[in-house]
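The chain below stands alone, shown as structure tokens; this is the form predicted alone.
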Amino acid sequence: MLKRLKILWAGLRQLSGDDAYERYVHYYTTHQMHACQHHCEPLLSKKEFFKRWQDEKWQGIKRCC
């Protein structure tokens, strides 16, 4: 029962974007950090990550008319 609740909770976090920073850190540490040797973008802090995420989400005109 507890295992199913954990799976459900993880799914809800993924759908809502609540785990976006954790997924970013995991991707960065497994792929990006090893892919580049000289010129890498440093790991963003949680605050910087969500600021960039919000800026990308809301940039441009977001209206119907």
Partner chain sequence: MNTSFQNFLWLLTAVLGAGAVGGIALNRGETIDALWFITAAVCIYVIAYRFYSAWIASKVLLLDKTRATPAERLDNGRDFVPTHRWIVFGHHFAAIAGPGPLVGPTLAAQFGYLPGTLWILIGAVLGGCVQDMVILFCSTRRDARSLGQMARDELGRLGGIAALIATFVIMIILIAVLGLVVVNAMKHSPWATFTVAATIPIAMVVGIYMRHFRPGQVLEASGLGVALLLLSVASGGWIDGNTELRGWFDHEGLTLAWWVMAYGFAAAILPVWLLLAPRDYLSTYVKLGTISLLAIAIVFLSPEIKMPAFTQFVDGTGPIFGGKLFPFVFITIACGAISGFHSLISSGTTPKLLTNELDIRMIGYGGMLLESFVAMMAMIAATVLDPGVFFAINSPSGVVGKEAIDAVAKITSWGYPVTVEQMQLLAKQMGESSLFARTGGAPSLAVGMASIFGSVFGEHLLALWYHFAIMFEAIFILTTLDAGTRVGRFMLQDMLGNIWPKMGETSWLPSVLFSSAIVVLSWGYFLYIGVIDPNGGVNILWPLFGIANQMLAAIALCVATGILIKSGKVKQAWITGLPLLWLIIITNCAAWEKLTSPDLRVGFFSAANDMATKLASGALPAEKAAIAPQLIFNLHLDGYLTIFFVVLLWLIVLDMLRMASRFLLGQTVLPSTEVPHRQTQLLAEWIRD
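Residue numbers count along the first chain shown, from 1. All of these numbers come straight from a predicted model, not from anything done at the bench.
Below: the form predicted in complex with the partner chain, not depicted.
### Query
Even though the partner chain is not shown here, does R63 get within 4.5 Å of it in the model of the complex, heavy atoms only?
Output for R63 is yes: heavy atoms within 4.5 Å of the partner chain.
### Task
Determine whether any heavy atom of L12 comes within 4.5 Å of a heavy atom of the partner chain in the model of the complex, and answer yes or no.
Answer yes; at least one heavy atom of L12 falls within 4.5 Å of the partner chain in the model of the complex.
### Contact set, 43-58 vs the partner chain in the model of the complex - heavy atom within 4.5 angstroms
The stretch 43-58, when checked against the partner chain in the model of the complex, contributes K46, K47, F49, F50, K51, R52, W53, Q54, D55, E56, K57, W58 at the 4.5 Å heavy-atom cut-off.
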